[in-house]
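The form predicted on its own is given below as one chain in structure tokens.
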């Protein structure tokens, strides 16, 4: 029988690791117990019947435009619904989401802007000379006429835009005019004419 030969390269290697049976260090156990104890105290002292406050101090009635709170905050609605796509500066994302700043769609007919917000849009759209082919979600089922009017009024007065405010009546007329629509508008070819 031949003798097993170890090459010089194999001699330089470290031994293979193996799993030991050493105990968990006591400082680690103490830390876990301390965190666990804190969690138990925190949960038992929390009042689960009281809902948490909105991060900026407003409650749901202020954001939804309830009659008691007065006017609907279009800026808050924009921040919660639109800023992810159209960005806080209204410039959108090139090639993906169209800009609202200086957009002929925003500055054009208020009834067209209301219809877009109510029913959404899909397909090709040219904004400021650039072609966009995306999807704008419909907000007609989740926002009331007062909220849509406030949101559009905000957009039409920001980032250098200087169009008139959108009235609740304009949104109501747009909702009535397109009440049978179940699908988003199919790009420029299907939207009403702009000014």
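Residue numbers count along the first chain shown, from 1. On a predicted model such as this, the values are computed, not experimentally measured, just so you know.
Only in words, not in the display: the form predicted together with a small molecule, which the text now covers.
In the predicted complex, none of the heavy atoms of residue 157 sits within 4.5 Å of a heavy atom of the small molecule. A residue is said to contact a partner when one of its heavy atoms sits within 4.5 Å of a partner heavy atom; residue 76 fails this definition for the small molecule in the predicted complex, lying far away. In the predicted complex, the small molecule sits beyond 4.5 Å of every heavy atom of residue 149. Taking the partner from the other structure, the small molecule in the predicted complex has no heavy atom within 4.5 Å of any heavy atom of residue 35. Across the options 26-34, 136-144, 163-171, 39-47, residues that bring heavy atoms within 4.5 Å of the small molecule in the predicted complex belong to 136-144.
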